[in-house]
Each structure stands twice: as C-alpha cells, then as structure tokens.
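Presented below, as structure tokens, is a lone chain in the form predicted alone.
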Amino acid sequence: MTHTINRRGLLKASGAVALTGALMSPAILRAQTAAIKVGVLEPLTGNLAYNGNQCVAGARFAAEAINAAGGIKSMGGAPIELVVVDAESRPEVAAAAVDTLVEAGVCAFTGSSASALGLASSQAAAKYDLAQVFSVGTAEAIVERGLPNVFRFTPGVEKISAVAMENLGLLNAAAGNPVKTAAIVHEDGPFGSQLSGIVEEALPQLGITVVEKIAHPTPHRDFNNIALRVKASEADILIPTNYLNEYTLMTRALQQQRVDLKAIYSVLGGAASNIKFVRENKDMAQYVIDCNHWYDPRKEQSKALAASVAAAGLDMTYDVMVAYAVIQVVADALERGASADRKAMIDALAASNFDGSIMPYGPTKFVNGDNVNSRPVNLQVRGDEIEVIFPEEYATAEPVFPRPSQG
C-alpha cells in the first residue's frame, strides 16, 4: 500500500516533534509565489524505517534552511514544499509510489535509503521523465542502466570499496601488517553482494587472505551461527556490509560468542557510522571502523545542521547529512534552471556544477548520472563519538589499529 504521509503521521514516524517549527516556517507562510513540490521517497515503515525517517528529517532541515534564506530566487522566491511518501522498505511499493509523486506534481524526488528501493523507483520514474536524486544508493546498477532521470550524488560501491581497501592497506602497513586473514559478512541484496565481491577480490592484493564469506538476507534476526562460523575461521579481521538492525544483531552475537578479532572494518557498515548504534551498544562499538558517507564538519552549514538536529533531539547520522545535501542539489538545479518542469529539471541536474553542499566533495559533475567528484571518509568509534580518521584533511582523531584486546 502506498500513501502520502500527512504531517501528523510524519512527525510520529520520525519522532521529529521539534520539526513542527520547520513545517510552520514563517518563510513558507509569507511566501507569495507558488511552492515548488519536491518528492521525498523513503522507507518510513518496515526494516529500513530508521534510515528512512532520518533521511526525511534531513530533507526537511534542508528545505527549511533554503526557504528561510529566500527560497528559489530565480523563481520569485518560491519555497520548496516536500511531498513525503512511504516506500515501506519494499521495492514494489517504492515503484508504485512514483505514481503518487507524479500525481502530487513534484518536479523531482530524492530517496530511497537502499539500492533495491532506488532501483525500482528510478525505473518507474523514467517513464514520466521524473528525476530522482539518490540520497543513499550504492549499487552500481543504479547508474549502469542508461536512465537519464537518475542522479547519484553520493559515491557508489566501487569508489567506496576502493578507498576503503586503500586505507585498510595503509592502516595495516603502519601497524606492521598484523592482519593476514579476513572474514566477510554481507547482506545478500544488490548492495551487499556487489560490494563484498569487490572487497573479496581486493584483499589478496593487500596480502590478506579471505578465509570465510557469509551472506545473509535482510531482515535477518539470528546471527549466532554466523558468529560461530567467523570464530571457527580464526580470521584476524571482520569486514561486514549490512544494514543497521542486522549489524547490531551481528555485533551482539560476536560478543556473546567471544569472537576474537584484531579489527572490525566495515565498508558501508550501516551501524558503525551510526550514533544510535554507539549510544545503545557502547562497549561493542569501540574502535569499530567504517568507510562511509559523511559530511564536512568544518563547514558553517554543517555546524548549523548539527545544531538543528541536536535541538530537535534527533541522531546526527549520515542519512540526515546526505538527505540534506541532495535537497541542496535539487534547489541549485531549480535556481539555475528557473523551472519546475520535469524535463528542465533533468537538464539542470545533468549540467550541475554545485559546490555549496555540506559534503566533502568537489563541484558536482554527473557522468552517466554518477557524481564523479563524490568521496567517502573513514570513521572510527571512540568513546561516545564517531571520529573521522581518513582523509587527513578532515580527520578529527588518529586511527587506532589494531584495536585493543577485548578480553
């Protein structure tokens, strides 16, 4: 079932009660020109609900900031009005939801927190010439289908895994190469399957032998057997790629089974870069490393976003960051194109050279829909914080590798 989330439902779903002020922004109320409708298609229910609601919050913070700054000036200061639709964590619902967005009159939409959802929605949107700017969608199939309506602002698995493996090699070499064997645990969807394959191929080039590779479905609730297989493999390092719920359960099972690892090094781990995981699983989370999406914490807009998120009582996660950034990209396209026509939006996005987002990227340059100037960072859990450890120009802490003994 597909439905547009009304205001009460959204606030209940996201827990973003403090966003009421954003929805009633004076900038919106005083606007004299018609609002420009931008869709936000995210999983507000189902197993990906946390990520989806975080993305919706990020999009709302961005729209609020843009509207407060005068809206789309080339269109008479028109405010952005978000049309939020629930993808229900199911690809078939994500595809059907595109009809709802079109009927609502959106000029483009963002989403959808998972590659499988985005693949379905962008394919459905192509027949309407409706642009989708992906918030999170790392499977390379997203940009390999030749669809002109697809724009991926954040990096995909090939770039992220390449950066992750390069940095793992640097960490291991600097520590005297203590890691010689690895186990890989991944979700079995297009995201995890592709990424784990790239990592498996790259590890031998670092002198690391893959001794175990385990796939699991999403959702998945019992990780005891997987933890026992990792333990039996005697791997030095675990490289997981899965979503928040599964990552958390997996880590608990590893701890319960007393699996001795020199490091947990995630690639798009889903939880290692999530402050909710850190807060709720502090002991297990310590020294976990992830290569993932993250914003540039030095930028003034980033600091303002962090303050707004804290004031709203929400978690500052990469979902919030990337969703905020993609609304910035859409707003820039509206500003330059001075049109909310769907085909005009595709043209404006295709020509984007936006250099004002909160992310640590260069100017946007979409090649076959993929932003070639995007980049991931490496993060490590330290105490109550998630610190940036790579690249050096954004680092807030020195890496700890291997991690101290957990015994």
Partner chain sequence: MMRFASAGQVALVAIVVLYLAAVYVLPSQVWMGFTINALVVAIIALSWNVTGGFGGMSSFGHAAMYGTGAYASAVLQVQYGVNAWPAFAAGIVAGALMGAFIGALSFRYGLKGSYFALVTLAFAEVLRICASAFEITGAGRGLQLRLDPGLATLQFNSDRTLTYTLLLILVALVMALTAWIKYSRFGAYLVAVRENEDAARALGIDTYRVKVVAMAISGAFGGLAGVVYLQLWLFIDSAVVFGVAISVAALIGPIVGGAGTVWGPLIGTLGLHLLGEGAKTALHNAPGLNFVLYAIVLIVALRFLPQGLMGLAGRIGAFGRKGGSDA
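Positions refer to the first chain, counted from 1. Quantities reported herein were computed from a predicted structural model and do not represent experimental measurements.
Although it is not shown, the form predicted together with the partner chain is what the next lines describe.
From the list 255-263, 317-325, 192-200, 225-233, the contact stretch for the partner chain in the model of the complex under a 4.5 Å heavy atom rule is 192-200. Annotated contacts: 271, 278 and 376 are all free of the partner chain in the model of the complex [non-hydrogen atom within 4.5 angstroms]. This chain appears without its partner; in the model of the complex, the one residue of 81, 158, 129, 99 with a heavy atom within 4.5 Å of the partner chain is 99. Think of it this way: in the model of the complex, the partner chain has a heavy atom of just one of 305, 208, 312, 147 within 4.5 Å, and the residue is 147.
With a 4.5 Å cutoff on heavy atoms, residue 332 does not count as touching the partner chain in the model of the complex; it lies far away. Within this chain, residue 296 is remote from the site of the partner chain in the model of the complex, having no heavy atom within 4.5 Å. Contact between residue 123 and the partner chain in the model of the complex is found at the 4.5 Å heavy atom cutoff. Shown alone here, residue 141 lies within 4.5 Å of the partner chain in the model of the complex, counting heavy atoms only. Taking a 4.5 Å heavy atom cutoff to the partner chain in the model of the complex, the one contacting residue in 208-222 is 217.
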